[in-house]
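First comes one chain, alone, set out as structure tokens in the form predicted on its own.
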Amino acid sequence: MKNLLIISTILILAGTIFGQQLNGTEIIEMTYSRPTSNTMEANLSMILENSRGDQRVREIKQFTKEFGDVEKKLMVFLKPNDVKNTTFMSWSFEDGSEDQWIYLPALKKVKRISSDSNSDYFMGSDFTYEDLGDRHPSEDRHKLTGEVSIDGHDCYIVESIPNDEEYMYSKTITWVIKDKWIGYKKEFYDEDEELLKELSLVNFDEHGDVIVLTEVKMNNVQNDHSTIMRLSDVEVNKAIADNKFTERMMKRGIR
């Protein structure tokens, strides 16, 4: 997947294009098109924390697989009992479009997530449905605004403004680690251009040339609520059946 950017990826080497400084668009393209595994299976802990420090923990099994020009993901909630067997599935296409579904056991029905619901928050977390996918570089205008060293990581700072004025965020600012092409920090601004959320990278693992973000934290600065997404027992390029990513499997769950 993401091979639409292969030409620009070949041209970009060691942070330059023919000796020229990268611009904001090229940096975001490199981040979007960095190598990924064909499959990934992992346990996911979703930790919700309110302003008083009270936590709720949700345990999830996650599967991801590449199907040519589409990446498919399945998330099955295991604990606690009030969300057990809830299932979320997404198909992310190379052009930036995405299809998403959720299965709610109480209703015994698979519901497709409409584009109008992209700004809704996912299962009480601080991540919207839109946040769970990879936004295509062409959907925004990108500007390199500076460079900085954070915690020993040399980063580009890129401001991204959406082409669609109706988009839920007025802009985002991303700190991209230069030698790894991963976002170390990202700020999300609301429609009034006030800071809404901050996404921070806590930890990552390297599996050959594949980097897996194993822990990230989204903090909503306006309501003092945060969500940690923590992966464990990560297995890459493990055989996963194609039929895992179907509505039938969403209803069936893990047996």
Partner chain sequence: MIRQILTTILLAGSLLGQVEFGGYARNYIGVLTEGDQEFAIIQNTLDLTLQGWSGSVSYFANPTIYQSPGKDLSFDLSEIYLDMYFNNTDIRLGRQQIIWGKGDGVFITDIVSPKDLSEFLLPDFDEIRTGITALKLNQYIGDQTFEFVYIPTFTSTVFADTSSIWSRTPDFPVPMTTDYSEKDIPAMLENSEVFAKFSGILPFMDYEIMAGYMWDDDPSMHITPTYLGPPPALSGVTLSPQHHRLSVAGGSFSTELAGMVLRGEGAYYIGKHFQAQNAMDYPIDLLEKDYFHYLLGLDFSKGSTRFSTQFIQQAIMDYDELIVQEEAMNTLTFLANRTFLRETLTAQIFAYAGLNKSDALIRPTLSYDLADGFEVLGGANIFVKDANLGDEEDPGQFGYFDNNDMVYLKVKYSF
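It should be emphasised that the depicted structure is a prediction, and the values quoted were computed from it without experimental measurement. Positions refer to the first chain, counted from 1. We call the rigid core the largest set of C-alpha positions that still match within 1.5 Å between the two forms.
There is also a form predicted together with its partner chain; it is not shown, and the following applies to it.
Proximity to its partner chain in the predicted complex, taken as a non-hydrogen atom within 4.5 angstroms, holds for one residue of D179, D82, D151, E147, which is D82. Proximity to its partner chain in the predicted complex, defined as a heavy atom within 4.5 Å, holds among S200, N38, S45, N220 only for N220. In the predicted complex, its partner chain sits within 4.5 Å of a heavy atom of R112. Not displayed here, its partner chain is kept clear of V158 by more than 4.5 Å at the level of heavy atoms in the predicted complex. Within this chain, E139 is remote from the site of its partner chain in the predicted complex, having no heavy atom within 4.5 Å. Looking at H225, you'd find a heavy atom of it within 4.5 angstroms of its partner chain in the predicted complex. Site residues R56, W91 and D126 are all in contact with its partner chain in the predicted complex, judged by any heavy atom within 4.5 Å. With the partner omitted here, the stretch from 181-189, 139-147, 160-168, 93-101 that lies within 4.5 Å of its partner chain by heavy atoms in the predicted complex is 93-101. In this stretch, 162-182, not one residue has a heavy atom within 4.5 Å of its partner chain in the predicted complex; the partner itself is omitted from this view. Fitting the two forms on the rigid core leaves the C-alpha of Q100 displaced by at least 2 angstroms between this form and the one not shown. Once the rigid core is used as the reference frame, the Cα position of I177 differs between this form and the one not shown by less than 2 Å. In the core-superposed comparison between this form and the one not shown, F127 has its Cα shifted by less than 2 Å.
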